[in-house]
Every structure is written in C-alpha cells, then in structure tokens.
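Single chain ahead, by itself, as structure tokens, in the form predicted alone.
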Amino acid sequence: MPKWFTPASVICALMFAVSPLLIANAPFESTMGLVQKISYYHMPSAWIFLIAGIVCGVASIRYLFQGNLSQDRLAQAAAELVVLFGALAIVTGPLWARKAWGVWWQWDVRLTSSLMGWMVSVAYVLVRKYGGPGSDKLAAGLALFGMANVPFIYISVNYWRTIHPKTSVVPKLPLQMGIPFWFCVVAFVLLFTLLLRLRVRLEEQRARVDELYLALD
C-alpha cells in the first residue's frame, strides 16, 4: 500500500469519531427538528454514490477501448462502492423522509432514478461474479448506463416536481450547519478514496495469484 494510506486511515477514523459531536452541536432545523441531522450522513453518502458511479463508468470506457486491465479492476472496485454508498443513501433517506415529509418512499423522479442506478450497480456486481466468460465487457456496458444516469439523478430535482429540495439548497446552509456538513463530506470522500484503493489493491493481488497458478501449470 502507498505511504499515505495509513495516516489517511487514521485521519479518516478520527473524522468519523468527531463528526457525531459536530452534528450534535449543530442547530436544529426549524421545521424538521432532530431528524434533519440524518442529512449530515445521508447527503455525503448520496454524493459518493454518484461519484463512484462516474468513476466506474469512466474506468469501464477506458477498459473497453484500451483493454487496460487496471481500469477494469478500478471499475469493479468502484461498482462495489456504488452498491455500498447507494445502500447507505437509500436507507438513511426514508428515515429522514418519514418524519420530514410524512412518507417512507415516494416514486418521484430522484428516488426512482437513484434506485435504478443502485440496481444497475448491483447487476454489475452479480454479472462479474456469476456471468462467466465475457462478463467483464457486459458489466462494463452496464457501468456506462449507470454513469449516464448520474447527471439525471443530480439535476432531476431542478426540472421535475419532487419532494426533494433543489440542488441550490446546500450552498445556502447557515455557517453553523455548513461546517459539520462539509466536514462530513470530506470524511466520506476520504473513506471512499481509502476503500477504493484497498479494493483495487485486493484485485491486483488476486490477479497476481492467478498468474502464479498459471505459471505452475
């Protein structure tokens, strides 16, 4: 592992240890109260869900056109993180929505497109595991579809009527809420970076083991 990995892991752990204290000290939102504080984890996890989808899609394009196996490993690692962070967003969202909007789930455009993007990433993982020969290119095609869905998920609230606030809400956060929010965003970005590097490293080691087995044969 690179030299930066260990200190970055320590910093990430400390940030997640401190983040609940910052969230607890943040002011309550006037209408939603305590439940609004779920957003400090929900929104960063949703953003990482989208970022991971882009990473997976770009790496898949490079693999399809260049045949670069390192990009295939990167795409596979990113797809698993789409599943992970997408699940966090999908679980925390309804917990927040039930109190804030009176419903656990509503089939509006952002929720539906997000669920579809998450299901595409699950399909990617399943195809890679059980698809057999040629599954790498088939999964890469799925990744392109998932990446194309990312900007649609992000801008949907600006063009369709939805229970979600528009994307312009975040820059308007008061300072007392903005500091813990962006602190959590940085923590999630760092966690994503560490998990992605760790997962890619695992795939590299697996590839090396496969090469050794072939050499023995």
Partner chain sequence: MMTRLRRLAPVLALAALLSHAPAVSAQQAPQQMDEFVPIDKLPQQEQIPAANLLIPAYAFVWIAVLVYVGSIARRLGGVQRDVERLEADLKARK
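Positions refer to the first chain, counted from 1. It should be emphasised that the depicted structure is a prediction, and the values quoted were computed from it without experimental measurement.
Just so it is clear, the following notes concern the form predicted in complex with the partner chain, a form of the same protein that is not shown.
K.L.:
Going by heavy atom distances of 4.5 angstroms or less, which of Val35, Ala148, Ile179, Val189 would be at the interface with the partner chain in the predicted bound form?
P.N.:
Here the answer is residue option Val35.
K.L.:
Give me the residue from Ile61, Leu69, Val169, Ile54 that has a heavy atom within 4.5 Å of the partner chain in the predicted bound form.
P.N.:
Selected residue: Val169.
K.L.:
Using a 4.5 Å heavy atom cut-off, state whether Asp136 contacts the partner chain in the predicted bound form.
P.N.:
The answer is no: Asp136 has no heavy atom within 4.5 Å of the partner chain.
K.L.:
Does the partner chain come within 4.5 Å of any heavy atom of Phe183 in the predicted bound form?
P.N.:
Phe183 lies outside the contact set for the partner chain.
K.L.:
Hey, in the predicted bound form, does Ile11 get a heavy atom within 4.5 angstroms of the partner chain?
P.N.:
No, Ile11 stays farther than 4.5 Å from the partner chain in the predicted bound form.
K.L.:
Decide whether Trp107 counts as a contact residue for the partner chain in the predicted bound form under a heavy atom distance cut-off of 4.5 Å.
P.N.:
Because no heavy atom of Trp107 falls inside 4.5 Å of the partner chain in the predicted bound form, the answer is no.
K.L.:
Check each residue of 59-91 against the partner chain in the predicted bound form and list those with a heavy atom within 4.5 Å, in sequence order.
P.N.:
Contacts from 59-91: Glu80, Leu81, Leu84, Ala87, Leu88, Val91.
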